[in-house]
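In structure tokens, one chain follows: the form predicted alone.
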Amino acid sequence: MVTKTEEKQLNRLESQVDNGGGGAWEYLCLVRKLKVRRSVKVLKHGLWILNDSKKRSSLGPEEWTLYEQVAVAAMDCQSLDVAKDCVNVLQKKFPESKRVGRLEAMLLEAKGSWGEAEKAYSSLLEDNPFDQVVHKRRVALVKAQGNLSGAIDFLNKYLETFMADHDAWRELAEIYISLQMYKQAAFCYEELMLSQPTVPLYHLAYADVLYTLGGIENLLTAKKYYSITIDLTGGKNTRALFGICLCTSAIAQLSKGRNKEDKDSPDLQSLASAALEKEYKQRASDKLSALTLAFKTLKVSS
């Protein structure tokens, strides 16, 4: 994840290069280091270097890294002729390279040659079953064709080997949610919370899934994880504060005529609603009346 300082540095350098202040190579290196997608800029500034023989030769071995970077950016921008030229240069330099073979498969994918791309990726995995990039490209390939069940199969197979890949767990969870398979999504977020217990995003997403599933037990657990999210963010997560109020209201509706299922609800609800009112007064005072109306609808008191 890119920090605010890194993003600020990247934006500053990008503005400098765009305005003719130099530093194109430094910018491209930073884009690679941070693993961000700035494809239009990478294509523009990368080609500026590659098309100048002096600038290109001054890079030494890094010249080939730049060809690869520009090739991927060109695919993103659908500049497939440029991508093909870059891949051809790399193919001539490294005729037996699996890394270049991966680029060739990606180019087939970018062209929409799904069958050929799948064959190429499968061949690469036969040679190296532990190539994480190729596994993820196969997932992207089937998703691009709208085959979400295929994406689920590939991701589950991938996670059997690379179970510590947080991005893969998160992607799998999001696919499950898009298919309304909430119990499976909840399992994914449980795995993420076990491996990264201090990341509030996972606690929040887990709470959202449980709230969607509904039922007293799920709502009580959802409220607990909304509370954890609030603790981890220093009380500054608006979505989690709303979650507390929504869970409290839903629990009250479901437990009518029964023993109190949630003894802490009134106090926690009051704290959450008061925090929301304070935040709205500071940041969106013109929407405070809408918040008050929402509280009345939910029968929430501040």
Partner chain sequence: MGSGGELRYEISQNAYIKLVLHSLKHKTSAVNGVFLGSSCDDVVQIIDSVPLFHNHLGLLPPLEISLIMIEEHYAALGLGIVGYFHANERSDDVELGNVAKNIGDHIYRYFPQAAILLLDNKKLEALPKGERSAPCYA
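Under this definition, the rigid core comprises the largest set of C-alpha atoms superposing within 1.5 Å between the forms. Positions refer to the first chain, counted from 1. Predicted model only: the values in this text are computed from it and were never measured.
The same protein also has a form predicted together with the partner chain, omitted here; what follows describes it.
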Inset, instruction - Answer for Leu125 alone: is it within 4.5 Å of the partner chain in the model of the complex, judged on heavy atom distances? - result: no
Inset, instruction - Find out whether any non-hydrogen atom of Asp208 is located within 4.5 angstroms of the partner chain in the model of the complex, and reply yes or no. - result: yes
Inset, instruction - Considering only heavy atoms, tell me if Ser97 and the partner chain come within 4.5 Å of each other in the model of the complex. - result: no
Inset, instruction - Report yes if any heavy atom of Tyr280 sits within 4.5 Å of a heavy atom of the partner chain in the model of the complex; otherwise report no. - result: yes
Legend entry - Stretch in contact, per heavy atom within 4.5 angstroms of the partner chain in the model of the complex, of 174 to 182, 80 to 88, 117 to 125, 103 to 111: 174 to 182
Inset, instruction - Could you check which residue among Leu271, Leu30, Leu47, Leu246 gets a heavy atom within 4.5 Å of the partner chain in the model of the complex? - result: Leu246
Legend entry - 4.5 Å heavy atom contact with the partner chain in the model of the complex for all of Lys143, Gly146 and Tyr189: yes
Inset, instruction - Between 9 to 44 and the partner chain in the model of the complex, list the residues on our side with a heavy atom within 4.5 Å. - result: Arg37
Inset, instruction - Kindly check if the Cα atom of Ala274 is displaced 2 angstroms or more between the shown form and the other one relative to the superposed rigid core. - result: no
Inset, instruction - For Ser39, state whether the C-alpha moves by 2 Å or more between the shown form and the other one after rigid core superposition. - result: yes
